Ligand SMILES: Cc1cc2nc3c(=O)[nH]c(=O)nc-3n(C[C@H](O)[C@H](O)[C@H](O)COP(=O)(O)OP(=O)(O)OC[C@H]3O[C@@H](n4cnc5c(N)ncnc54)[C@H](O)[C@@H]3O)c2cc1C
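Quick setup: one chain, the form predicted alone, written in structure tokens, and binding and motion questions come after.
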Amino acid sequence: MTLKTYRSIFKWGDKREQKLDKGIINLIKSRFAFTNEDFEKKYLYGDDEVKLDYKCKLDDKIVDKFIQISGKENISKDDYSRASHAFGKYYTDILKLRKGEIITPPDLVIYPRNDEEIVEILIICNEEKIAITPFGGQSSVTRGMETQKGGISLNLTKHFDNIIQVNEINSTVKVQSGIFGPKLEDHLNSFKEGYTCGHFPQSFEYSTVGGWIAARGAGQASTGYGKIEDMVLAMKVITPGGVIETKDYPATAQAWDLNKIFIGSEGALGVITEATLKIRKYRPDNTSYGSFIFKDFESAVNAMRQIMQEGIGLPHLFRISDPEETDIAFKTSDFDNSLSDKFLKTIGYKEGNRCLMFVSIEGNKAYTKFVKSKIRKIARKNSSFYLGVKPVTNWLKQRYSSAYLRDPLMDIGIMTDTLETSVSWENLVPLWQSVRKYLRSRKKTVAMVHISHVYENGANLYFIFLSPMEKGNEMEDYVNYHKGIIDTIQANNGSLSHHHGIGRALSPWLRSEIGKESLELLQAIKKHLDPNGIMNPGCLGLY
């Protein structure tokens, strides 16, 4: 029998083991003075068998009611099932799992089979004041799935994973919320002439439609297709106060937009069970790719802004890597000091300043050709050099696999995490400079930054950092460093989040970000829909 370990819970994606490649190893050796011996040690490996000190607190009579509703085969209360539903993928979630510290696991995991069962489950939980956490792909990176009050983890991935209807006339698809990205996209791609949802977050392979909506997410092609709130036309949400179901009109002026109340609610208001999304024609042969190198970050940003504001049409993937991220990409791919690299340096694209830009444009062939030609013209005016198609297509091949680096990095005692923010054009470069300065104030830190979601009025900045853990004080070390990053972002006119959500990790800053009255409005909506505060209590700072 295979040992059920904490490691088998926290590992990313399909749980395969990932080794650090030569490029990453050399980077860590040069930046952190690691030796070969450091790579052989395993720190907080998490290979202990899962054993919980905290047993199910629910009365047997209550458990029996849930069994009667959903069937014994859809109820789990063993230690491993409860432990594997206690956290998402936030850095401190992973630390706790590596240490075997699960203080507030859910009491029960339920896999409901239909909407009617969810209604019955919510009625019981509301009467008994039992917490409920909706559960999908478990990819939250903001402590959004931490079951602080135990209760029920409601897993929608087992039975709520169906495609209800593809409507070619309306260009829509109606799906259940527990469906994973690949299943939806594969079905759309192969449906008659072919369609796409257009939503590809890095967690695409292991995240669900319900999670995309609940966290108000964005995919790598969001510059062209929009964020998830731009794709949702209708929803069905089961709340303790009743069922909310909207209609798939293309637009209305019927009071508030009810969809927007639930998009980004992170399970704090109810359980999203269905959604109708926009779809587009899938024409991969028409996609046009391009990559550019700029002499500095400011030039790349100016080109990006001009492209978005010129009225020439929109790229779908649109991305800039800052100088450090660009240099690391070159070093880890063996491009550094190649003949091509030496040529770029000779013509003025110097290490430590230059920046990569990636572009893809989808749609009608004449459109993609036209937009790319205009982008090349604007980029050239900003002193760029065209690098061709290969750099961006190579990046696309590894767009999902880079998430697997987290586990082997933590295995050797490297703290690594990502944070992101939305910022207007006028504040973007000052914010980038200030946050980078803070990140690098920590000794032995790699700080990579890119822009990956772009608008006429501003863009998203995405920060990635690596730094050796303070061993023995890993949790407090991370929390303090993370707090400084958020404080710096907020002090420089950046949003708390662009697409990761708020969860519990960022909720302490929410009041100062949106204001007292706005936070009280959110709490009032929760109070109406969830009078006893049973839905994901504490998420978004709401109870």
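Numbers follow the displayed sequence, beginning with 1. Here the structure is a predicted model, which is why all the values come from computation and not from measurement.
Beyond what is shown, the protein has a form predicted together with the ligand; the following relates to that form.
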property	result
All of 304, 439 and 492 with a heavy atom within 4.5 Å of the ligand in the predicted complex	no
Contact test in the predicted complex: residue 421 vs the ligand, heavy atoms, 4.5 Å	no
Contact test in the predicted complex: residue 409 vs the ligand, heavy atoms, 4.5 Å	no
Contact flag, residue 403 vs the ligand in the predicted complex, heavy atom cut 4.5 Å	yes
Contact label in the predicted complex: residue 135 to the ligand, heavy atom within 4.5 Å	yes
The ligand: the contacting residue among 267, 112, 105, 315 in the predicted complex [heavy atom, 4.5 Å]	267
Candidate from 425, 225, 206, 195 lying within 4.5 Å of the ligand in the predicted complex - any heavy atom	206
Stretch from 166-174, 213-221, 439-447, 348-356 whose residues place a heavy atom within 4.5 Å of the ligand in the predicted complex	213-221
Residues in 75-104 with any heavy atom within 4.5 Å of the ligand in the predicted complex	89
